[in-house]
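Included below are structure tokens for two forms of one protein chain, each presented in isolation as structure 1 and structure 2.
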Structure 1
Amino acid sequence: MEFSTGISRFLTKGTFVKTTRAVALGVSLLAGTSALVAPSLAMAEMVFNRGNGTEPGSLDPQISEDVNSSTILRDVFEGLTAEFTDGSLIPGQAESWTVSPDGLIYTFKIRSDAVWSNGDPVTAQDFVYSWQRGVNPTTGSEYSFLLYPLQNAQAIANGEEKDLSKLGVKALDDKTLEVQLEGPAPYFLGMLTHSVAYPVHKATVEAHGEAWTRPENMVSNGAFNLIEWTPQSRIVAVKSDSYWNKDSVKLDKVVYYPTESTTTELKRYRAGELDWTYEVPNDQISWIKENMGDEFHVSNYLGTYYYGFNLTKPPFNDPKLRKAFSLAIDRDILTSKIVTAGEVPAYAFVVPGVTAYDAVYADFKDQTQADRDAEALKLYEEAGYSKDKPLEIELRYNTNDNHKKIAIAISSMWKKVFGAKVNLVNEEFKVFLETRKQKEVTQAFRAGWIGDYNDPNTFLELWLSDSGLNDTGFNNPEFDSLLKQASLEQDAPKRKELLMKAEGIFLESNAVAPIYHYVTKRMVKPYVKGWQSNVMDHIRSQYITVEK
């Protein structure tokens, strides 16, 4: 999708006036005459310059699938529920809700002052339309599975039920929404903070098609309004005058900077161009700790970094080979020598410590690395390869300094243990995601999964056979059945047991090689206030102040 390179809006005398991108440079074109912006006005603006990783894939809430897009969408849109600075759940567009005794019916009361950025009221019907859009196969949402707790959602997403009105959501009146679930889902309210559950403005989507997310077209309902998207340069959002809680928002503007190189991002931060980085280069963490330690922030993160294998084609349709390649990864060396910010070696896919769950680990967790290497070589040879007859594969990752260093380290481990020849292939993030999805040329690939809510289900549902984000091609009917049973189970211990059994099946398949559990690591200027680390790393700009 190609976007406009420079529509901005400039506030003067209470009126938004469209101008060219020259506004960003300090020049406005009002009434056809150029004039310098008054210094007092420029100084009065509170602007947050935020590093945001790679270029966002999409700013369509039902289409978006990456963390970088989600950061912006949390600022520009709002669901029925939202989050406070510490990540705790709070009311969003819904001021209140009730839950039936059996946990199957949720009734939400939408705020009377919840309005769209064009002044239209946000209604219950907006959510009905948006959630139907999320599960409609023609939309192409890769996150439709997040809505599967709703009655008939999975049947609609799979094309088994053609009538969208059968989805378990209806408007009782303009401001009352009723949701019918298939089974009790303890994570449901938390899931509603995900972008797939955000409302979108029907008239805007239908009028502009795919172009509705362009700044000049977008109508949104969050704390900020999108005004500029210059690909590979910056994305700009300004405080919304229509947001119901606008009085609590102190920032005038957020500028998001996509930067694939973590080294370049750190340089921009040190030069004063950024107030906040998305990440830091792993090989400079020691220097950062010694020289800028008070600006370096590390916290636990609900996520797993892993390598996936394409199970649909040779060579990794062989389970022995997959396990060999997983065994040969020395996770202790990676976390002590390569990533070094406190990441923990991973032998599970669900992050240990997730609410109401007991960790399930791969069967080789307690082996020494020497024993793992010996078993890896044995399995490699049983799969038909040897150091004299090596396997040659491609290891694919998206362009990023840290991913490259990890790929180089792991490929050297594979070469050392059993002589495999590994060709590294890096791709721009959007291309990389599409390549993984197609499962045509991928063999081994880098990936990471960040929980969408604090529950084991958010890690396991990724591997359902019909999940749009299952880029390995893992397909196990027993696994699918266990997750289905868990979604209907009202007894918490029984539900946990079903989910643990499902993870055990998944780990045994070695469809992925978990490598480490994430921490967030970033630089933050001392004058950036109002934010808190939280395990989801959902840092909404609406709470932030820049106190220079």
Structure 2
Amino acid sequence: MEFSTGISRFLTKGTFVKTTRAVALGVSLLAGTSALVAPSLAMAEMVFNRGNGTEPGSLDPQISEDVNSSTILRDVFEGLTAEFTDGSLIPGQAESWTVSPDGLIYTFKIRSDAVWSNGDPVTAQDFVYSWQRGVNPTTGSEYSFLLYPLQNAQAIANGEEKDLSKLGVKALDDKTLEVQLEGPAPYFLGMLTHSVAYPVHKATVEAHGEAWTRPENMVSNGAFNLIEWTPQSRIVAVKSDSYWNKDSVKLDKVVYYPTESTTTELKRYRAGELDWTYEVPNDQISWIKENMGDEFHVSNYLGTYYYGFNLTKPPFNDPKLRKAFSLAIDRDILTSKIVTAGEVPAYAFVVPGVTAYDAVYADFKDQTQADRDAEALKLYEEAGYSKDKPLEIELRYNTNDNHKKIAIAISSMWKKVFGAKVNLVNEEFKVFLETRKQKEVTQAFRAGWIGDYNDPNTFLELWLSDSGLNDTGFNNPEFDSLLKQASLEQDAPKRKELLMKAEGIFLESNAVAPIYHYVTKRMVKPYVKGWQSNVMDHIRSQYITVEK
């Protein structure tokens, strides 16, 4: 801009010859300086171009609820605890903590060098403010329920308790935070890595309202500081000078690219515009494996893809029938022919490998598929159906190519094994969720669950009889009571036993047919180093280096 106005000024003032000389001089000067500056700049700037799925819903830690905002927030903010590359828990803003013998009181010591990006110290009062903000009904935080282990959190969230200061968190002094829990929650420390438990800078939030997360306003306490946010285009964060562990941070800059379409993301990766993709398009996996196999990374993820049955209405109120339908699904064929990235056949609901847990499997896990099919046919007939008098059901899924392929494959397995007539019904996502929740017309339906934190509880609590997520209508008092006991149990091995027993009961009911455990699948350029797959897929830019 400057340059062109300069030229026009020359043109009006002087002669053409003068102008061209001046321009030529300017150009040669520019070329000279850029030749001097460019190599040193290239050496200094280490930039990581990170494909990041959809546009983040919010960069407000208490309001954010989607995976893609969380990725950015983990880089820009830090909670009391943090995670290492392998996902293991390490101290974050807290340098240490103690837990009372009954497991109900946690006392955190906040680092003396933990400061906000504007230089203010991070204090215990900041955490008190932020957690109160998280459960305050007027904030409208979707993840406020993660703070429910705190004393009075739920009462405040549902409006029974109006006094925010009743929340079980106190600042003993500027750097000491005391937390009072409702019951011992072994996953509490891990949960603190979730954004809802990050601190926010009170003065900034109060001064700017919803606009406090804009780069020009935001004050944060993590490894990177936000400097640009152009919706649907890119988000840029630069290394923070005030972060307590800044020496561990190698990157100068992270650029997050929201790309709605995985096909577009892959193209931008292939064209060298991205170093890292959030996902890969399912229909191109075999091509990728063949042509770019070295850059394709697949790893286990904390999630289960499953079919649920509506237990509140015939025909699936019959446990025999549910078991027949689950048995007849050939998971090996599905994971080798339909979803081919490396998904793991599922015989459990809680993903095997979750911390503090030993996997519990459905009893038919070790049978051959032929035996399963034979048993399925027997159970189907016991339930009162046969080849001559087939059962006709509807299988519902939300409109999506992948879901469709799986539904077609599974319905043909059901048809082949016992001759059930399956009508496939696809609905747009929100419509589908609504029908599923009502439990009126649904019979069998697709579903998926990603754990919120690394603990069996996040999988099992779905199936409590009063859970809003329980779209099967599974209702078992023994299951409810085991989960309740587990939530009060302080002894880790005993808690594990209780949870395992609960999952056993749940699997035996066949309220759901687990199909496969999710994997994360992405493209990563070979020069991106310092990262490691982990089951939560929490990959912090903090540890990453780009060595082109």
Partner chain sequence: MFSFILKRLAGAIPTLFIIITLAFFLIRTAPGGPFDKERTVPPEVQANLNAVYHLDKPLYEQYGHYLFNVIQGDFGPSFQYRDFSVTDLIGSGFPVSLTLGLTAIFFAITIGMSLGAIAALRQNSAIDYAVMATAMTGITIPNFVMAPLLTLVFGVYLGMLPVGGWGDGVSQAILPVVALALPQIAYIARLTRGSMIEVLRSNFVRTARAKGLPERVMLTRHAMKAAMLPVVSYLGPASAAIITGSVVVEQIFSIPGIGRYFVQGALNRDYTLVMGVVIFYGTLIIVFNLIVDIVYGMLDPKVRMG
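This one's a predicted model, so the numbers in the text were calculated from it and none came from an experiment. Heads up, when I say rigid core I mean the largest set of C-alphas that superpose within 1.5 Å between the two forms. Residue indices: 1-based, along structure 1.
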Is the form predicted together with its partner chain structure 1 or structure 2? 2
Looking at the two rigid parts that move between the two structures, do residue 284 and residue 353 belong to the same one? no
Rigid-body rotation angle between the two structures, smaller part relative to larger (whole degrees): 30
Can you give the CA shift of residue 390 between the two structures, in Å, with the two forms fit on their core? 18.1
Upon rigid core superposition, what is the positional shift of the Cα of residue 447 between the two structures, expressed in Å to one decimal? 7.2
